[in-house]
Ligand SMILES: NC(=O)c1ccc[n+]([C@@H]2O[C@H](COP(=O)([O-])OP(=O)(O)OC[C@H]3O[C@@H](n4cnc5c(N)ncnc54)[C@H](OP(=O)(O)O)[C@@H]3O)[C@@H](O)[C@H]2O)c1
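As structure tokens, one chain now follows by itself in the form predicted alone.
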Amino acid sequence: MKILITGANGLLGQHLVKRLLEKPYQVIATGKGDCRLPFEETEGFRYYPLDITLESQVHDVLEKERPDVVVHAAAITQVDTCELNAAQCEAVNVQGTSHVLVNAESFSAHFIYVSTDFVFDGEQGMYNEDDELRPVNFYGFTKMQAESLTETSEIPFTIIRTCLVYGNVLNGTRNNILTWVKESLENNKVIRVVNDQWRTPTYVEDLAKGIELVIEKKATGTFHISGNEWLSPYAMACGVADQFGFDKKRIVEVSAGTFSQPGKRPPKTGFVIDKAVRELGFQPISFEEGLKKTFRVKS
């Protein structure tokens, strides 16, 4: 089976490529710019630089490769960037998704779209797949639009929503919340971390495993794939401090209102993952174990 992945240079993309190459899959990785994946010498792996805002580029790659499955993970995910650069965000997250979807309909058999908890308003938390979408920022709005496009697909499709993904980057230096906290505390910085936002943080290898299960089972519809512990960023930061023996007094507990940010964040998201557990056999690891795996700490 041949699987094409957009956004393959990102945290999820890197781990998904790695996981699929360990199985009998051919993997076609695409990303903006040069390949940052450490698999260029691996059998069954090919990489194409791809700007999904250019339909002709998307068409050429999919026509040439004709993958069985397309996993569309490419997006602008920085909330404030989307708020300040709405046209660019819309071009990538909505128009780009349309380009990938239309060509997947012509050349593939299954389209998998990676979405986000930010399609919800965050008023209640612990959302099911069928809860009403009501984004509070432009990033979430574009992801909702892209979900709507996906639902019009003429081929089998799956929408996978996930939440606050963390883990180790295989190649590259982009931080996520855990790596930022550890780096800051190692350098004796005082950091301010919010205590009134709640998520079900997702270990990146669990998310890659969930996508693989969807591919294996040819599952369609919408699935929530995340961890199963409801935590605040402050609690996550304290977990990092506890793991490495850092002074937690350097983690200042603040409310979200402390920060002036262009894009509003939903206060309480997080997912009920019962459907993924029941229909896919998905089982996430604990946050404590995910933290150790992120920093390669032996249990």
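Each residue number is its position in the shown sequence, starting from 1. In this text the structure is predicted, and so the values were computed from the model without any measurement.
Below, we turn to the form predicted in complex with this ligand, even though it does not appear here.
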Partner proximity in the model of the complex: residue 32 to this ligand, non-hydrogen atom cutoff 4.5 Å: yes
Exercise: residue 174 in contact with this ligand in the model of the complex, heavy atom 4.5 Å: yes
Proximity of residue 26 to this ligand in the model of the complex, heavy atoms at 4.5 Å: no
Close approach of residue 284 to this ligand in the model of the complex, 4.5 Å, heavy atom: no
Candidate spot 7, 12 and 75, all three touching this ligand in the model of the complex (heavy atom, 4.5 Å): yes
Sole residue of 264, 36, 46, 268 within 4.5 Å of this ligand in the model of the complex, by heavy atom: 36
Heavy atom within 4.5 Å of this ligand in the model of the complex - the one residue of 273, 50, 70, 62 that qualifies: 50
One stretch from 246-254, 226-234, 51-59, 37-45 that, in the model of the complex, holds residues within 4.5 Å of this ligand by heavy atom: 51-59
Residues in 89-128 close to this ligand in the model of the complex, defined by a heavy atom within 4.5 Å, in order: 92, 114, 115, 116, 117
